[in-house]
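There is one chain below, alone, in structure tokens, taken in the form predicted alone.
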Amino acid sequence: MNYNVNEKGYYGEFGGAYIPEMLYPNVEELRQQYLTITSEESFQKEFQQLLRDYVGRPTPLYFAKRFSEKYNTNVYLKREDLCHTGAHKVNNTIGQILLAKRLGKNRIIAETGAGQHGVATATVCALMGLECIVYMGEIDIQRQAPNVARMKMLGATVVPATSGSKTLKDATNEAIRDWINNPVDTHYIIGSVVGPHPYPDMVARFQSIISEETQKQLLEKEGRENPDYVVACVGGGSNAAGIYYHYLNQPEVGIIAVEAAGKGIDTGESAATSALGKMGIIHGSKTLLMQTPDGQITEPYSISAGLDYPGVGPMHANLFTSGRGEFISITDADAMKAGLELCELEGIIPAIESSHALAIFNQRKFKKDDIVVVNLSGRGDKDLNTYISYFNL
């Protein structure tokens, strides 16, 4: 079985482009051109040069010695937290801004939850001198204030989404509305492997630099390209798509996806889509989605703004239903504890999103000689206020 996207934009039965007619020209233009443009030599040269000189790639693959000793296995951290802007998000925004320029778009819109994608979009717009409008849920604006300030300093306009749960889902709705109203000059930089085809595939390709580097680095460190497991947190799932990408069709590499259980899967305050979702359509794509029996989207909840999404990207929906991926749900409490543990054992303050991935070692046992690569997708500066109030620091 092939776990990559097919020519129609589907991963198994998930994906596609379920879009209003008004958006058809934009999405179709992207679909027809994204592979041609991104494979051009001039594009790749500029993309790779910016990843190296601006983003700071390759990011290190770090052996977490004390953490590994505690859990009696070999844990490597792929240090995406060391990217410029503090998370993996910038890999994708660099790729998409270069694509937008080649398509002649001079106005950029984006949605953001934790603010990391908003910051990464504002960053590349400043770099390229393009107008930037970021939609962000009102609640997320409050809980991610440092990132809002960064976006504004970078010259972006931050527009609050005041409907629904006032989080990521609602910010995405607003961004799509904007795109419908401004179809000609605007490119929508979606921040995750969600949305209508070709977005899930396009974002996954830009993020695949993560697993590409991991293979080379592991070969150097362990004499083998393949770990036994790759682990990542999944909201929409772009950091996960990046670390899984080159391992998708290698069955000997276990794929572990970690979702936010919030206050517990059965509490009604959760974002564990694999456990709670059923097939539906959100933001232009058919995927697994948390919804009421009559199909209304239910409000997700997670202490981490980046995982607070009611669906999951179609690649991950397919990994779950096909059994290729092992899905684990982690509560707020366990994630917060794991985040603090990494601080104390390794001197690294992780984003709360990434802390979910680290928390599985308390639940899931690995063999002593296993090599487990965890994608440390972001750093914890943006979450300091949450850590401070949670632990009374």
Partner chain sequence: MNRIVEKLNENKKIVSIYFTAGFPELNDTVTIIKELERSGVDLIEIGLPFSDPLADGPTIQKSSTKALQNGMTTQLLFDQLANIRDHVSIPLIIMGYFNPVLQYGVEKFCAKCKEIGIDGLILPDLPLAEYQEHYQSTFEKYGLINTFLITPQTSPQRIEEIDQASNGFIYMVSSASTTGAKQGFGDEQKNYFDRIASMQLKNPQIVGFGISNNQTYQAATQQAKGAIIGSAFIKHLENHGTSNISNFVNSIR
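From a predicted model like this one, the values you see are computed outputs, not experimental measurements. Numbering follows the first chain given and starts at 1.
There is another form of the same protein, the form predicted in complex with its partner chain; it is not shown, and what comes next is about it.
- Taking non-hydrogen atoms only, residue 22 approaches its partner chain to within 4.5 angstroms in the predicted bound form.
- In the predicted bound form, none of the heavy atoms of residue 197 sits within 4.5 Å of a heavy atom of its partner chain.
- In the predicted bound form, residue 169 approaches its partner chain with a heavy atom inside 4.5 Å.
- Its partner chain in the predicted bound form is approached by residue 17, whose closest heavy atom lies within 4.5 angstroms of it.
- Each of 8, 174 and 177 is positioned with at least one heavy atom within 4.5 Å of its partner chain in the predicted bound form.
- Screening 219-227, 131-139, 275-283, 82-90 for residues having heavy atoms within 4.5 Å of its partner chain in the predicted bound form returns a single hit, 275-283.
- When you look in the predicted bound form, the only residue of 163, 267, 321, 106 with a non-hydrogen atom within 4.5 Å of its partner chain is 163.
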